[in-house]
Each structure stands twice: as C-alpha cells, then as structure tokens.
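In the form predicted on its own, a lone chain appears below as structure tokens.
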C-alpha cells in the first residue's frame, strides 16, 4: 500500500488502443509507476487530468477532438504540478518549440518511446527536461551547421560564467526564486541576468532558451 501511495501517478493519452496498451505495459513494468487514467483524445485527457491530478501526463501530439498540444496547454495552465511528456512522429524544431511553449517538459519520438519513456517520466517528475536522443542530436547538428553557414561567432562565448550557470538552471526549469536561493543572490539579480541572456542570445521565451540549451549540449 505504501509503495502505491508514493508511486509516480501517470495519465496516458493516445488515440491508438494498441499503442496505449503497449505503453501502459511498459510503464507498469516499473514498480514505482502507476497509470491512474487513460484517454483516447485530447478533450478526454484534459478531463481525466482534472479528475485524477496525475504527477505526469504522457500525451500523443496528434489526437482527435482536441490536439495533444492544445490539451497539454490546458493541463499545464490548470495543473502546473502535472509534468507533461509529448509523444510525436515529428522531429523538426518547430514541433519541439510548440510543445515547450505550451508547458511540456519532455518530447519523445514515438519510434524511440519504448527505450526512452521510463527515463523521461523520471526526469520530468524531478522537474527536469527530457528529449529523445535523436532530437538532441538533430538540434546540435542544426546549430553547428547554422554557425558555419553564417560564419559568425558563437553567441555562447558572449556569456559570463554566472550567465552560463543561470542559463543551465533556467533550462532545467528552476524558478527565479529557487535559483536565487541556490546562488545566494536576489531574485532581482536573477531577473537582470535573465534579461541579459535573452538579449545576448536573441531568445524571446523560456521555450527558446531551453531549446538553445539542448542545442549547446548544456542539458540533454
């Protein structure tokens, strides 16, 4: 009974019954995981999340009635404590950025879900971000290609040691308050560093900052 009480409670949303069944078997092979609800479309996922308050929601990006992206946004807004992992067939940066912008913490390619899902659930439950290794590799390669094509300096070199430290903590989704406590500086100072980071790196949101950190290999 005690282990179930402390289990990571998971909502599983996918419109393909076979896929959902396979993922459930994989998840429940872990004694510390417990699937508390399933959904076959986005609207049902939002309802189930509200009813069961899961720790983690694992959601297909392409679902009927309400897309996984829209459902993720509603869940993240209503229940910020629920960490969201998006499952997708798409590996291009636009999809990853959209997922991060609506509040997802993990992004997995469906064909690698079997190997990565357990690790992804553990990571997002701890407040970290997680991407399929193929996604991280693609983002890094794209970035290197872009730098070479432009022939410009690497913007990362413009950052101070403190800014690099704060960049990593922000990319790991730590709050300004938590970072201020960890580094023993004021929240106001963190906000100033944060503004400087966005200006130096030409980034406009936390989602873009997280993607940048993945491309640079700062977080995986």
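Between two forms, the rigid core is the largest collection of C-alphas that superpose within 1.5 Å. Numbering follows the first chain given and starts at 1. None of the values given here were measured: they were computed from a predicted structure.
Here the subject shifts to the form predicted in complex with the DNA, a form of this protein not shown in this document.
Here the marked residues 162, 191 and 194 all reach the DNA in the predicted complex, each with a heavy atom within 4.5 angstroms. With a 4.5 Å cutoff on heavy atoms, residue 53 does not count as touching the DNA in the predicted complex; it lies far away.
Remark: residue 19 does not count among the residues lining the DNA in the predicted complex, judged by a heavy atom distance of 4.5 Å or less.
At a distance threshold of 4.5 angstroms between non-hydrogen atoms, residue 186 is in contact with the DNA in the predicted complex.
For residue 40, no non-hydrogen atom is located within 4.5 Å of the DNA in the predicted complex, even though that partner is not displayed. Checked against the DNA in the predicted complex, the residues 30, 47, 168, 175 give one hit for a heavy atom within 4.5 Å, which is 175.
When two forms of a protein are overlaid on their rigid core, residues whose CA moves 2 Å or more are considered shifted, and residue 30 is not one of them between the shown form and the other one. Core-superposed comparison between the shown form and the other one: the CA of residue 198 exceeds or equals a 2 Å shift. A displacement of 2 angstroms or greater separates the C-alpha positions of residue 164 between the shown form and the other one, with the rigid core held in common.
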